[in-house]
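In the form predicted on its own, a lone chain appears below as structure tokens.
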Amino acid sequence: MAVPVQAGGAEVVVGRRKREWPLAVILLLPSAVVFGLFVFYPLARTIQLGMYRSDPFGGLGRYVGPSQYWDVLTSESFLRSLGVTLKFAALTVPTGLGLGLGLAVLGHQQLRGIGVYRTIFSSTVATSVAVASLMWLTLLNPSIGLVNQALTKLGHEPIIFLQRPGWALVSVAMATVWQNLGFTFIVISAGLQSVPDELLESARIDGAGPWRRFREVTLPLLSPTLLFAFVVLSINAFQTFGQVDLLTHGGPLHSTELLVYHVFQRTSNDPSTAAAEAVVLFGIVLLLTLVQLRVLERRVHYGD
């Protein structure tokens, strides 16, 4: 049976909301100013610069309109960097997500000394890109690196990881996976904490083994967390810059020239084209994120 709503009560609610508007504006104003100055204004200026041929000092020159964006989309160098970035994402996102999931599941076990284990694998979240890159630069050094020393003891010749086109992108991907592992480990560990123990216990009583409990109980309830981690890792893959700049400088033979590094190289001698490439990169990341959310969210179980 529907309960009638009194008109007087509705008027009171509307009046209260109107009186709260000034307070809401005051509270939102600082954030709006910060976003306007450091996000929306630079984005608008970048879009504008991408429609001009810039002068040597980066100022607005001759207006060329949206045609410069089309030139970027058909540019051989931009498409090459896009292909390298897609390969890099294919190397880092599934690997990082799988390792983070496996380590988080192990860290979720109630074992003696598990706190030390959790601290070790979550510590990389506090490691900067520079520190992680220099660490891997030392590990992969052809003469003093621990990786090549281990290969030599196994009877294999040393590999020049960062100077060979076939190994350079894999090496940068390994450094990136290691650096992001702490974030993935913490996020998935938090998601595992939200899985009710009662459901797992019920499944165990019903005869489900560890793998079946993980597949049919834990994974469905963990799917929102996995979706979040997958999207964030994908965005990070398209925004990777520091590892490339410190480890390979985009080489050898452009084999590690990711999109952000490609835009950075353009900035010094052709700011307008670099601006157009940055806007196109923003559009690619936005479109990729929307597609991921649209497609993968169908498989996400949010519970009742």
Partner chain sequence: MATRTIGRYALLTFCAVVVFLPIYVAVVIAIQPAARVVDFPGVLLPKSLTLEPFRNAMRSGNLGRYLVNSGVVTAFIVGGQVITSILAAYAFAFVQFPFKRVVFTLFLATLMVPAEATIVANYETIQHFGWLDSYQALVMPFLATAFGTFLIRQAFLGVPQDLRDASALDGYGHWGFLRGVAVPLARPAIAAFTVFSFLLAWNQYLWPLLVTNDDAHRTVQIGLKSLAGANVANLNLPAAGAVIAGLPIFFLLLFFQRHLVRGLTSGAVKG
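Numbering follows the first chain given and starts at 1. Model, not experiment: these values are computed from the prediction. So that the term is clear: the rigid core is the largest set of C-alpha atoms that superpose within 1.5 Å between two forms.
As for the form predicted in complex with the partner chain, it is not shown, yet the points below apply to it.
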Item to check | Joint contact, F35, L43 and T124 to the partner chain in the model of the complex, by non-hydrogen atom at 4.5 Å | outcome: yes
Checklist entry - Quick one: which of 70 to 78, 165 to 173, 139 to 147, 83 to 91 gets within 4.5 Å of the partner chain in the model of the complex, going by heavy atoms? => result 139 to 147
Checklist entry - Though only this chain appears here, would Y52 touch the partner chain in the model of the complex if you measure heavy atom gaps against 4.5 Å? => result no
Checklist entry - Are any of the heavy atoms in L106 no more than 4.5 Å from a heavy atom of the partner chain in the model of the complex? => result yes
Next on the checklist: Taking the partner chain as it sits in the model of the complex, is A237 near enough to touch it, meaning that at least one heavy atom pair lies within 4.5 angstroms?
Outcome noted: no
Checklist entry - Is there a non-hydrogen atom of L97 within 4.5 angstroms of a non-hydrogen atom of the partner chain in the model of the complex? => result no
Next on the checklist: Do any residues of 268 to 292 have a non-hydrogen atom within 4.5 angstroms of the partner chain in the model of the complex? If so, which ones, in sequence order?
Outcome noted: S268, P271, A274, A275, A278, L281, F282, V285, L286, T289, L290
Checklist entry - Rigid core fitted, is the C-alpha displacement of P30 between the shown form and the other one 2 Å or more? => result yes
Item to check | in the model of the complex, shift in Cα separation for L288 relative to W70, 3 Å or more | outcome: farther
